[in-house]
Each structure stands twice: as structure tokens, then as C-alpha cells.
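In C-alpha cells, the next block holds one chain alone, the form predicted alone.
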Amino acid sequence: MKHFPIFLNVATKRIVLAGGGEAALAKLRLLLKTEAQIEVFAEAPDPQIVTWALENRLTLTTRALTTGDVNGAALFYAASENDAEDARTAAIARAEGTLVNLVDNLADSQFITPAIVDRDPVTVAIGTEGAAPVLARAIKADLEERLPVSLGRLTRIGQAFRKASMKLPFGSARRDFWADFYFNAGPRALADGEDAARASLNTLLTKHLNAETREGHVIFVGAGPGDPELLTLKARAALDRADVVIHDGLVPGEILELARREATLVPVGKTGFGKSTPQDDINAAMIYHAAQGLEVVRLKSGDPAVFGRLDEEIDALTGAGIAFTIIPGLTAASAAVASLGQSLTQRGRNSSARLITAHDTKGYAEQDWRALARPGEVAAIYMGKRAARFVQGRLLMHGADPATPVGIVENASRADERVISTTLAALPDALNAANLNGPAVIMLGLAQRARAVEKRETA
């Protein structure tokens, strides 16, 4: 992100524009929606600009901009449609300490003006950092259709009631009140006029003040293998509601970004063979926040029910009398076989597939190695990087074919995903050569299907 989006208060501030043609008109139509003091410098201004000046909507000076004209202004637009003249006026503005925008010159601009959906005081700004103006306009058109014109009226009514709403406790109680107003009571009442909408706020406030205090709740949410687009709709909704998000270290930042800005994020990472948050501390954090009456999301990588210590955490909540729900997620094995272009089961090859872990809390996990060694068996081995030689030895000892195909998928579904195709005989050496840093799933019995796939590696 090169351009950080902010909403700048320009009420009573000066905004200066140099130019009088079509580019100037386009910017002025937008700027005149603000409460800023607009000043235009143009030797030959368009008649519309002259009309706006006569209507006292802006101040027009019919000469070229010179030193001192921009001093103290909040923003400056160079819109003369002449590169040399724009560069000259921009240099003056920069020297006088004002942020500069050169129309249609992203490289030399200090800020850009986004496409805007105006439902004052609701404003939606859309930017593509100059890369795709057509896309920005398409998004704007879509939002214009979706957001009713009455939204602005409803928001202004609600804005005047903010102080009164503070009688409700901060957090979920206030959010529930405002959600009830904006999505239920408010639109219905506004159909009878603004006075009816204002009256509905008092009725609604009384209802919410008398409502029973909501008990704390924990939602176990599967974050999936890492791609935010693989989150379920239910998981997205839970993140949007959460007061607190207690998350694993493997959950990427792109998914954490989906939580509400006001939500408290609590990292409780666990690292194989490394520094980890004790399970008792994780249990205590869930119980503490839920006991405050908060909505807590326990965000786990993959699916909470697959090697996620879900039962231990449920037992802790049950012992503390705290309610919980579970939202499943896509487990890494499903994402891994998708990357391999394979399926977990295949008629005539295997009627079952195993999800196993290569180690447990006490060390290497024991499995039914004889069954796993049979031809055609498929297993997804989690947390198996360090145990690869152990797994290989056990399988070969029980008769597995050294040529058994093996697919290794690191960071399944993510932008930095890597796929390595190898065999059981070469498994430890392939892992060492790959020098994997991220979480990896070893798919026993499945190598990558022959096809064109980006980031493909063969060992």
C-alpha cells in the first residue's frame, strides 16, 4: 500500500487549484461537495467556473498562480492540462508546504483523489493507486446502486443520538443497538418521515437498556489453510462480530485483517519444537474474556477439529460454564490435494484416507504402519517435516514400496505455496533440499498430477 487512505477534515480550510479547463472542472465538481474554501487560479477559466464564482461557491483569480498564492492551503491541485505549467505550480505549492496532486500524473503527486460514493455523512472512497481507474469506477457504480440515497439521512439522525447511546455499555451492547437501528427499526421508521426515525431511537434505546445482559460466548473458528477466500461465510461473520480474537500463530495477517478494527487480537502461537504459548494460558485467556460478557473467537488454523487440541479447550470452557459453538474450516489436507491436482479417495485405488500426525506431545506418534504401507493407501501427514526419516523407516520396515509417490505441499493455498513431488525413498533428502520454512503437509501415496502448475518443484 503506497497510499494510506485517510479522511481529511477540510472544513474552513483552503484548497487551491490551478487550471480552468476540463480537468479542473472534474476536480471542482468533487471539491465543491466539501466545506472547504476553494480558490481557483486560471487565466482563461471555463464559463462554469465563472458561474460558480458568481454564486460565491469558490474564489476565482483570472491569472496564473504565483509564489505566495498557495501558502497555508491544505491541498493543491495542478490541473492546467499542461505538463510544464503543472510542474511549475506544483513546485510553488511544495515550497509553501502544501500537499500536491498533479492531475493524471501519479508519479509526481503526493496524494491521490479516490472515486467517491457520497451518502453524506457516509462516504465510501475507492482507490486503485492509479492502476485501474476503470475498475474503481465500476466498483463505485456498483456501490451507488446498492446504497440507498436515504442512507445519508438515516446516518445524520443516528449521529445526533450518539451521546444518548452512551448509556449502553461499550462494546457489543452498543453495536447491537446501532445494528438494530440501521438495519431494522431505522429504515422502517424513516418511511414515515425523519421525526418518526428520531422517535424510534428513544424507543429502541429503552428496549436495549432493559435487555438482559448477554453472556460471554466462545466461537471456535477454522481459519482454513491460509487463503482468506477459503474462509466460510459463517467464519467471516464471526470475525466481524468478535470483541476478542484469540488466534494461532499460523493464521496469516490477511485473515486477521478481517476482524473488526475495535476487536482485541490475542496471539497464542504454538511452534513445533519451539517457543509456544502454554495450553493452560490459552484456556485462561478464553475464559477471562468470555467471563466479561464478550464475544470471543478462538481462531485456529485449518479446521479446529483436526489436530487443534479442540477437546482440551472445550473441556476448559465447559468446566467454567461458558457456552461455545464450532465453525469448521478447510483442513490443510484438502487444500494440499487440490494443489496436487488429486483427490483424497479414488474408486479402485483407496476407499479411505487417513489424516495423521507425525508426532504427538511425547514425541513421534505411533500409527498402524502395516496398514499405511499397503499399495494404494493415501494419508495426509501433518507436522511431519522433522519426522520424515522416522516415518520413512517405519513404512519401509512394514513393506512399503520405496517408489510410493509422495507430494509435499508447503503453505497450501497461499501465495507462497510450494509443491514438491518425490518418492518415499527420497522423502527425507527432498525435504532437506527444499529447506521448507512454512507449515507443510506430506501426502503419502499422491504426487502432483502431470499438468502446468505454477511454482512446481520436483525432487
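Here the structure is a predicted model, which is why all the values come from computation and not from measurement. The first residue of the shown sequence is 1; numbering continues from there.
Not pictured, yet referred to below: the form predicted in complex with S-adenosyl-L-homocysteine.
When S-adenosyl-L-homocysteine is considered in the predicted complex, F181 lies well away from it, no heavy atom lying within 4.5 Å. Using a 4.5 angstroms threshold between heavy atoms, V441 counts as touching S-adenosyl-L-homocysteine in the predicted complex. In the predicted complex, at least one heavy atom of V306 sits within 4.5 Å of S-adenosyl-L-homocysteine. When S-adenosyl-L-homocysteine is considered in the predicted complex, N411 lines it closely, a heavy atom lying within 4.5 Å. At a distance of at most 4.5 angstroms from S-adenosyl-L-homocysteine in the predicted complex, all three residues P225, T331 and Y382 contribute at least one non-hydrogen atom. Heavy atoms within 4.5 Å of S-adenosyl-L-homocysteine in the predicted complex are found in one stretch of 411 to 419, 61 to 69, 397 to 405, 39 to 47, which is 411 to 419. Just one of N101, S80, T89, S301 comes within 4.5 Å of S-adenosyl-L-homocysteine in the predicted complex, counting any heavy atom, and that one is S301. Distance criterion of 4.5 Å from any heavy atom to S-adenosyl-L-homocysteine in the predicted complex singles out L250 from the list A185, A316, L230, L250.
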